[in-house]
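Read the single chain below, which is given as structure tokens and is the form predicted on its own.
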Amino acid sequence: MISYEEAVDHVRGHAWISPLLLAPITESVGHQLVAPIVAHFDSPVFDNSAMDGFAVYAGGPPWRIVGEIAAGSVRAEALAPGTAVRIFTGAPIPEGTDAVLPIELAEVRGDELSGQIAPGRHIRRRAEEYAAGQVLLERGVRINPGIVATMAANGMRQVAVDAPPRVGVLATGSELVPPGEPLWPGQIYDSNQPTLISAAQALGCTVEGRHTNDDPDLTRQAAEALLDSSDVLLTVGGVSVGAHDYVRPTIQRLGFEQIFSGVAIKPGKPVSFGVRDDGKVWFGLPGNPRSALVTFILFVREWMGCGPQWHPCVLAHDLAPAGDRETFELACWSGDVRVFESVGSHAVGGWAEANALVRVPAGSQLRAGDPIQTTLDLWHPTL
């Protein structure tokens, strides 16, 4: 059995190398940028009005209204002293404009305008947000809708991103039933497959899921089918040493070299990792739901290049004495960290509130106010 850090080093040594993908920006969320995004032009491109109102020349009030400029108009002639033009939000500011007087502060009688406004108010100046050539986003950033807005404003229709891996999820266990189906005595609903599929899809992956009963031939057939269309195979359950645990011998028959099997962590001790000559990899995740989720976060995400980033936080309460393995607990962070109590690694209680994962060192006795290592990107990892 190896340590968590040793296991992470092994995973990083075989990490996913993504091919380049040119994607429409509307389909890029969840992908990572493979090159920096540089501003193509100044933002704003030209001086423009931040309000509906009147562009006024210094020297008033009163001003004489001499025209109108709508958004999308070509820049109007320069203002003469004592004049103003009606202007709308986003319209180009004519030369000579001292300020924009908002419509709600304006008094208009015929073509005469009155009102009070400080010089420079309500004008968006060229390049005040950023200048052409400025780096807007660094390589490796994971795209979200806000980043799509930045790219669109930069005139981009497509972006070069990584191609996330294709993921196959194989849930094993004769006792498992898909959610929504009737339960018979001795059966339980399969929460692992939906959880892991959604966790991988949140990273932009395409995912295929299957289930197999505890049978060596069925396990091999299902694994082979998933490997035909996947870059990484996640098996869930069947990696211990029980009489009905068929996953590891099946994986070996499918040509995988087992890099490790067993890590000194809790939950997730049986987690396994293997590689094959064709570049495909396998993660054997434990079958208990909390173990499966934690090992996905710790190792599968690490292989994808978005492993957890650990930060110092403060405990909100005492913890029970830790055992002889490093423990990873689901928690809620809101300035300090509250660790969820659990009756065991089979339980999913509290997950709906969880937004963090904490590292509890082996053999530690942590009290309220003690520092603890926490990842704050439980569901939405970034780089």
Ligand code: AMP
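All residue numbers refer to positions in the sequence shown, first residue = 1. Predicted model, so just to flag it, every value in this text is computed and none were measured.
The discussion below concerns the form predicted in complex with the named molecule, not included here.
Participant: Report the residue, out of Thr212, Thr235, Thr295, Asn192, that has at least one non-hydrogen atom within 4.5 angstroms of the named molecule in the predicted complex.
Facilitator: After the contact test, the surviving option is Asn192.
Participant: Answer with one of Leu203, Ala222, Leu176, Leu113: the residue that has a non-hydrogen atom within 4.5 Å of the named molecule in the predicted complex.
Facilitator: It is Leu176 that has a heavy atom within 4.5 Å of the partner.
Participant: Should Asn288 be classed as touching the named molecule in the predicted complex when contacts are defined as heavy atoms within 4.5 Å?
Facilitator: The answer is yes: Asn288 has a heavy atom within 4.5 Å of the named molecule.
Participant: Wondering, does Ala171 line up within 4.5 Å of the named molecule in the predicted complex on heavy atoms?
Facilitator: It does: once the named molecule is placed as it appears in the predicted complex, Ala171 has a heavy atom within 4.5 Å of it.
Participant: Within 4.5 Å, heavy atoms only: does Ile188 come near the named molecule in the predicted complex?
Facilitator: Residue-level check for Ile188: yes, a contact with the named molecule.
Participant: Can you tell me which of 145-153, 77-85, 279-287, 303-311 lies within 4.5 Å of the named molecule in the predicted complex, counting heavy atoms only?
Facilitator: Among the listed stretches, the partner-contacting one is 279-287.
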